[in-house]
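Here's a solo chain for you in structure tokens, the form predicted alone.
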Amino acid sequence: MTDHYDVIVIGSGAGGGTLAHTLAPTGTRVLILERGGFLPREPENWDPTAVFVDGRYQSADTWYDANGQAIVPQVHYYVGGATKMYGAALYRLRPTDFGEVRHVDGVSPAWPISYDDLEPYYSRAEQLFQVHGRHGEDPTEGHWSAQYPWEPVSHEPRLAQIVEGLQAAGYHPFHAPCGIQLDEADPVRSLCIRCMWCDGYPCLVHAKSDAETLTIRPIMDLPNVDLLTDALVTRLETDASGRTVTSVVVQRGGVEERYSADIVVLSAGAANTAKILLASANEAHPAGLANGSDQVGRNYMFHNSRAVVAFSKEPNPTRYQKTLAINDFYGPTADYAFPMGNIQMVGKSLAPMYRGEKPLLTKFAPEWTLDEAASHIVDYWLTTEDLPLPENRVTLTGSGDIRLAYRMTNQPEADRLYHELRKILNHTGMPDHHVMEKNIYSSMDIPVAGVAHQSGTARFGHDPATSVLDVDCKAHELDNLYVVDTSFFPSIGAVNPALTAIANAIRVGEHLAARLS
């Protein structure tokens, strides 16, 4: 290892890992700094009690809400970032998401780039992350320059029945885009065993399309790439002018170290990227690095999400359940003036999840009763767009910890989406259903979507007075600082943001390669 590189990438998840993967073949000397280590491969990877009840892989971080109350975020710091635990649902934003969208609680702002600008990178992201799906099924999707690299994962029998019922009722269900390494036509080549452990679990067989497997491992042995784990970035230092980041300050093993590069790229997650920028305040940037607009940390978004479990008399033996989605309510409808959002399947409910979610209610319930209940459930996940409010923001406590102030938006739209789901259930043989609370992880004090889909704290735009980054995701106020996690989002849409972060990281990576050459 050296102390100076062409590019330092802080974070190894969807954004950072993909950007490093894009630069590595060009010969660029890249240092990847990851605050965690490699997530261990062990039987507990697929143990719902270990994962959901005990929080085995959860960080020990403590954040604070606007009132100073401690909250324990569901964050995981490993090589591969948040993708180690995500559900590998890899959706494109809809073309309408890139323009202004009127919501019940306000206007979702337009992006400084269009869907057309990002589309070629979406196609490359789908290839890189080996996405299964079928373009052309969803009426709300935009144009596409390449079909998905793999055929969609087939619906298991119970899900196929639901699809038939939805189509007969006039809905437009489509195959959800799934990032798993599965070739159903050639099982010998398949790593994925089509199990129920994909959503919210690490993958024991490395068959999930996560950033460690597909972006970091393929480049980590290249001579021009160094990966430093257990390396917590605490701040960035600049020259006297404040225009150039000169040092990345790292805590590793209780020792402070410094590294430098021609270009520094932040991809630590929306909350932690804001934390690093705010903690890097200096004489040239008294309110925090790149924060002359006072936008760093503001506009924090996550999806207004709801988990719904639908019971039916008919058993649901489905193992891999995330094959179905519906966007019929993504925009306004004939009888509702506002967008409602996306309906998709969520990972299969298991008895230990109930014990984690409702410990008092299930304390004396025999295990077999919970198993029997779970065997008749079909699980849905409803997602409504959140708005970027300036007062929804990340700031720092006196001791430097994250303080997260947040007020939910568009609740009437989320309620209306649930109302539409109830009507849908009548066409799928599940008229009786029960709404679970958003928090299905016992150790969280804020909703799971508040961490999993966090975005917006360093938005990009044309105007330095209202944004942190320019259209290439470079900080307006610095010459060599970029951000490629979902912090750059000016709005979040109503589908999972990972593929958009991946596509944008390829775009920015190519920009950096051209700049360096």
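None of the values given here were measured: they were computed from a predicted structure. The first residue of the sequence shown is number 1, and the count goes up from there.
Omitted here: the form predicted together with a small molecule. The next part is about that form.
Contact of Asn496 with the small molecule in the model of the complex (heavy atom, 4.5 Å): Although the small molecule is absent here, Asn496 would touch it in the model of the complex, with heavy atoms inside 4.5 Å.
Although the partner isn't part of this model, could you tell me whether Gln74 comes within 4.5 Å of the small molecule in the model of the complex, counting any heavy atom of the residue? Answer yes; at least one heavy atom of Gln74 falls within 4.5 Å of the small molecule in the model of the complex.
Answer with yes or no whether Thr383 is in contact with the small molecule in the model of the complex, where contact means some heavy atom within 4.5 Å. Judged by the heavy-atom cut-off of 4.5 Å, Thr383 is well away from the small molecule in the model of the complex.
Close approach of Val163 to the small molecule in the model of the complex, 4.5 Å, heavy atom: So Val163 does not count as contacting the small molecule.
Among the candidate stretches 416 to 424, 327 to 335, 85 to 93, 139 to 147, which one is within 4.5 Å of the small molecule in the model of the complex when only heavy atoms are counted? That would be 85 to 93.
Work out which of Tyr300, Tyr78, Tyr121, Trp197 lies within 4.5 Å of the small molecule in the model of the complex, going by heavy atoms. Exactly one residue meets the criterion: Tyr78.
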